[in-house]
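For reference, the chain that follows is the form predicted alone, supplied as structure tokens.
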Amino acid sequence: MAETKRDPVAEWATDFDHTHPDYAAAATEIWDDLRAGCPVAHSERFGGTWLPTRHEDIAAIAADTEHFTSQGVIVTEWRPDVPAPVGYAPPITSDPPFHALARRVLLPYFSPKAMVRWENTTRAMCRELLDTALADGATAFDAAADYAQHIPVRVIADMLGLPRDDGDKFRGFIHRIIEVPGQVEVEQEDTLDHYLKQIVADRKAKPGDDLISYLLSADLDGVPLDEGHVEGTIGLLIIAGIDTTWSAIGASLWHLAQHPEHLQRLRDDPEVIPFAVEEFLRFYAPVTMARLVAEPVQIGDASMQPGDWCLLPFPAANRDPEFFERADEFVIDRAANRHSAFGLGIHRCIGSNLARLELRIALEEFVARIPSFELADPSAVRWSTGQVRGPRLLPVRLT
């Protein structure tokens, strides 16, 4: 399995590459510079890609289903061949009117009421992971690889009725699809598509009390979901339901490792935690979504043409000083916080209730168990590339 080496970036305004390690390491500075000088950047990479950085433009594009299609949401060298309005991973790749139908199928499983059943399970997972990380008196571990990256993997596996041991497979799929899209050659039996077909066939033969079985029995206005729809939705949950949340948890711990005053505030004032969770989501929003241009459209000075990619960096929108007061500051008790960490428009994240629950519990358990910690080696921290940004390596030590 060989990965393609990325060419150096000549100029972020005209040659950006969101999958380049340099972008991952300095994304916030790049967004700020572009917003000030070139608010809608363009690159010929990936067959033509746009990068707006102002909240106003990102929100307008996210809401515009006439000129932009969600048929493709991950930027690659090729364009998806599964036609709109369904797309390859409903509902995130679906356009109206099909999108509303596909989203409605999932809503009962991700409602606030449905999250109650995952509270104790998630808390037990976090405690078990910390027990393992701190076994035998350990005073150093990787807060990303040993903690954050396991929590949503286990929750989604349990939700889907899949073995938690499949977590390594999930991480492999995420790396190839999100971090280095289209840049890795892999055997067919190791692809996400092959995995999805296997588990759907197995669950059809042996249904259970899980989300896969629920999808296989669900219908759209009396018509059962076809297998491609079920497989695509499961793939969406494995990819989008895992990487996004572990990135948010990891980034929050990265912040706390460098801000002992905020760590102490969480310990001394538990009532601030709900506000802190929202501010972590704003300040370290992990997700950049994408759209394909469906019809010619003008965004500022940018003339976008059909077939162009357009990235929607929600983290950049969250740091726009035209939309947020003190946008470049982490305000732990920020009260007014209309952030876009979960997206904007019709595709606002259906799993936001679950993500909030996992982030809150992960922080509560970490803070309760570890009174004080710091980065063991700041230079060893590695941020993920691609459209979901968060620490992949985060070595910390207790202090």
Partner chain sequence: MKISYDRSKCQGHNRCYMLAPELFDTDDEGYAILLVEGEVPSDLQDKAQLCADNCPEYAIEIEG
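Keep in mind that what you see is a predicted model, and the values were worked out from it rather than measured. Positions refer to the first chain, counted from 1.
Just so you know, the form predicted in complex with the partner chain exists too; it's not on screen, but the next bit is about it.
For the residues A205, A135, L107, V223, the 4.5 Å heavy atom test against the partner chain in the model of the complex is passed only by L107. For the options Q198, S217, S303, S111, the residue carrying a heavy atom within 4.5 angstroms of the partner chain in the model of the complex is S111. Proximity of R171, T191 and R382 to the partner chain in the model of the complex is absent: no residue of the three has a non-hydrogen atom within 4.5 angstroms. In the model of the complex, at least one heavy atom of R103 sits within 4.5 Å of a heavy atom of the partner chain. Within 4.5 Å of some heavy atom of the partner chain in the model of the complex lies at least one heavy atom of G343. The closest non-hydrogen atom of R356 lies within 4.5 Å of the partner chain in the model of the complex. By the criterion of a heavy atom within 4.5 Å, F275 is counted among the residues contacting the partner chain in the model of the complex. Note on the interface: of 86-94, 251-259, 173-181, 112-120, the segment with non-hydrogen atoms within 4.5 angstroms of the partner chain in the model of the complex is 112-120.
If you take 366-395 and check each residue for a heavy atom within 4.5 Å of the partner chain in the model of the complex, you get nothing at all.
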